[in-house]
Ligand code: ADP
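As a starting point, one isolated chain is supplied in structure tokens, in the form predicted on its own.
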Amino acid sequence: MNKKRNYIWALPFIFLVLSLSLLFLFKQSKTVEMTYFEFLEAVESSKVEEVVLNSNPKMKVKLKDDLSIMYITDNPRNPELKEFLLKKQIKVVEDSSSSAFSILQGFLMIGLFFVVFRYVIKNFGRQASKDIGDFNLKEVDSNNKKFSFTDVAGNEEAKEEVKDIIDFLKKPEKYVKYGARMPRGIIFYGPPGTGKTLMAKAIAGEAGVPFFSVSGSDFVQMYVGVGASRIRNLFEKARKMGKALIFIDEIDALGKKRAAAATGGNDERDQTLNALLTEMSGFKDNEGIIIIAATNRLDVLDEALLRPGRFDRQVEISLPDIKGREQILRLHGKNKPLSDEVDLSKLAKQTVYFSGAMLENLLNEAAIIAAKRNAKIIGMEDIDKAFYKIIAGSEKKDRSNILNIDREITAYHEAGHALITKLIAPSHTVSKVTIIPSTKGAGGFSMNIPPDKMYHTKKDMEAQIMISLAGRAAEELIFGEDNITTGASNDIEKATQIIRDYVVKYGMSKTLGLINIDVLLNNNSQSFSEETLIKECSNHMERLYKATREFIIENKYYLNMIANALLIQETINEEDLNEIMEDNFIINNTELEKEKFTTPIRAKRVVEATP
């Protein structure tokens, strides 16, 4: 009812403007254009009854034949025109009504604009107030108490680090007795998809406290002051609960490092961050409220957030190890009809560097594939297809347009990767080598799975670079330097990143020594330049590329065997590779014609780490 009253007073203005506009259009519709020459002829012929003069560029004329029609002609605005017409005994009318009508129409249009402007501003303000006041925090998940650590597989270390938080939320008086102050805030950091949000939910579920879930982007708004107001609103609601867990996902959206120099403006994000810092500093000791934030970029957060008294504790939620991956697979496989042939332990070994979200997606894709073929259960074949779909994309069905030379280049390129992996990194698993192109643009790929390790040695890094360069080296050896292709672009990119870390981060270059090059570059050190860094990286890359070519030349027999096996059956696995390296491989019940290859030479399986 109040809304209707607000706009009733505006209706007369709108009605009047519309009426006058229609009247104006109605009057305009009965006018007829006349040239000035025709007007002068009518004057000379004494056919003109009346002329209406005004300040407009047009003047109105009425003829004696039909006074109901108003003619419009050009107005020369000649001061002598009126005298000329009067001498011809023509009635002349000085009209100012049109200009008055235009002025009135202008005022009415301004009034209408004011009404619309007032309506927009009022709704704009109402929307801003709504954004501030009606901020829905997804307050308490009713099922949260059922969510516990049993629903979060892996990350056992992280669980151990937060068990005291759960105990504190349950029995805060226990810690008051010892004079202990629990962390006001915890930051979960790690790669995407590792289960930071699930861990926060599990903590709230184990402690049995309300769970407030928000995103950092919820506080970054176009309205000045909205973000800070939402922060205050969030903490006010949490305090009303007595004990609560506040989870802020993607906190880097509002908690990035602030600029050192003042910008002279009012930065909404800085205001929001200041409000968060103020609220966290205002906590009473052992109040019963814990804040958990999650980020993938710990390095970009403001230092004021990470100091003691704010986010005191930083807990890494890392990629799961082999045991964690198996637990995650079993957790997500519980509600899926898996075949008895599906070995989740073996699958966990193959999924190195998979996050929890990727593992869940793997089984989900396998379930979709099984459903598409109307299978009763999910077989290992479905999981294999899902695995390689996630890694390289789906296989291309139509391969009729692929040239034979392209197939050969791809076969030797992938054979180079597989061969060098077998020679210098026998602990790696080459689970699949294929020359079937994928929908992601790859002509083929060699799946190289390294073992789970806490550290990577200098030899490991050099071996990984050589594996990446092996495809290009095989192309050059078989087809010539002028016929190397663009297929190695991604391999070179990976090798370049590893060699840069090798030289810059880990001080493994004997020439440059045990220094972090980034520190020198960031401090504009005059004793070091980027040209020196590029030259050093290039020298190491060239050294390892030469070593890779030598290995392939010494084992060209096995390179040919692997490439020809790929050309015949397009895909080979770990067992096939082992049989090729042991000279026992048979394709289609026919042994390969080994006599057309060179005599096998067993190469050294260890890379000499030369400086």
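Since we're looking at a predicted model, the values are computed, not measured. A residue's number is simply how far along the shown sequence it sits, counting from 1.
The same protein also has a form predicted together with the ligand, omitted here; what follows describes it.
The ligand is not shown here, and in the predicted complex it never comes within 4.5 Å of any heavy atom of E303. For the chain shown alone, D384 is not a contact residue for the ligand in the predicted complex, no non-hydrogen atom being within 4.5 angstroms. Using a 4.5 angstroms limit between non-hydrogen atoms, P192 touches the ligand in the predicted complex. In the predicted complex, the ligand sits beyond 4.5 Å of every heavy atom of N490.
The partner is absent here, but in the predicted complex a heavy atom of L198, alone among L198, M241, I377, I498, sits within 4.5 Å of the ligand. Screening E530, E236, E160, D151 for any heavy atom within 4.5 Å of the ligand in the predicted complex leaves a single hit, D151. Judged by heavy atoms within 4.5 Å of the ligand in the predicted complex, the contact stretch among the candidates 169-177, 203-211, 74-82, 324-332 is 324-332. Shown here without the ligand, the chain has G356, A357, E360 in 345-364 lying with a heavy atom within 4.5 Å of that partner in the predicted complex.
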